[in-house]
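To begin, one chain is listed below as structure tokens, in the form predicted on its own.
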């Protein structure tokens, strides 16, 4: 039996592996090579320039790329704020829906209508990012819905949310958090449903408060789900291209306060015809994403071992 097992495994895996190499690994290899060329993206010929694109990017030749490094700064801000705010809000709502209802017969129940609320919060996930970006751009306009409501409340001079450097990035953060909270609330709700109810009921019998039950029982058992959520939200925060492109002034303004690295890559390729240089920026963004994901997985794995 074992003699025929390995040929069978090879036969079944060879086609998926070929597809994976051709459509996943090969584009990465091509990108790494094109980052070492001066290809404009519009011709069939290009020259190999070595690390020259990276030298321009890091300021070894000339001054550093101000637009790209402003994007890196903003991406790092998004990387810290967006996952933290999204996870905190989603976890709060998931806990309220699943573990804050009445206790009947020793069993903890969710709030009435929890299924309806899950569907309601999940609605932003079925709306395209383009539609959301255009919608929120109109909401945050000086004469938009939000400022109209503020004027009704007595604010005579509400801020120009997208035109003010002090509020533009915060506006992008609010929209990104709003877009993702519903999905991760449903995700955490599904994770909470797998927690043995006996643990929560035992905590209730021991007179533990809701907060104590959450801190000592629910939260530790959601650690793996929280890690996955942080990684995916971190990747989204390191992108943020669609919302910035559709919502912000410029896009990326004012004064590069909302630009992101992906927008810098897009502008260098689409508007300036520097595909090789744009690819070098993409390689840097790829490496930053991989390093952050690896550090997150390593840190959470260490915590699990210590526990």
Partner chain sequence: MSERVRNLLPGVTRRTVIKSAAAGAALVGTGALGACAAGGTASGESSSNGGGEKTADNPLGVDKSAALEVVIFNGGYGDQYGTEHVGLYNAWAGGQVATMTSTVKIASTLQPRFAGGNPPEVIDNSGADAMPTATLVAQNQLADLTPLLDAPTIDDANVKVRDILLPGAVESGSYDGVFRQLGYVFSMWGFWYSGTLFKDKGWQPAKTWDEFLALCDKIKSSGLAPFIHTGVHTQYMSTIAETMATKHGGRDIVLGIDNLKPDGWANDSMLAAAKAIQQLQDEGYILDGAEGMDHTTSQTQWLLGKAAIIPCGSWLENEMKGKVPDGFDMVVQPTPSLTTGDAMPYPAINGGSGEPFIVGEQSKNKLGGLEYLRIMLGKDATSKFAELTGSLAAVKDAGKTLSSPSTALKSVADASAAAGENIFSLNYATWYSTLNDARKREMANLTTGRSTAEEYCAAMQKASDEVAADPKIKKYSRS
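Numbering follows the first chain given and starts at 1. Since we're looking at a predicted model, the values are computed, not measured.
Below: the form predicted in complex with its partner chain, not depicted.
For the three residues 34, 232 and 245, verify that every one has a non-hydrogen atom within 4.5 Å of its partner chain in the predicted complex; reply yes or no.
Checked in the predicted complex: all three residues contact its partner chain.
Looking at 209, 193, 143, 115 here, can you tell me which has any non-hydrogen atom within 4.5 angstroms of its partner chain in the predicted complex?
Looking at the other structure, the residue within range turns out to be 143.
Could you tell me if residue 163 has a non-hydrogen atom within 4.5 Å of its partner chain in the predicted complex?
Yes - in the predicted complex, heavy atoms of residue 163 and its partner chain come within 4.5 Å of each other.
Test of understanding: in the predicted complex, would residue 265 fall inside 4.5 Å of its partner chain by heavy atoms?
Contact with its partner chain, yes.
Residue 241, heavy atom within 4.5 angstroms of its partner chain in the predicted complex:
Result yes; residue 241 sits at the interface with its partner chain in the predicted complex.
Is there a heavy atom of residue 278 no more than 4.5 Å from a heavy atom of its partner chain in the predicted complex?
Judged by the heavy-atom cut-off of 4.5 Å, residue 278 is in contact with its partner chain in the predicted complex.
Residues in 252-270 close to its partner chain in the predicted complex, defined by a heavy atom within 4.5 Å, in order
254, 255, 256, 265, 266, 267, 269, 270, in sequence order.
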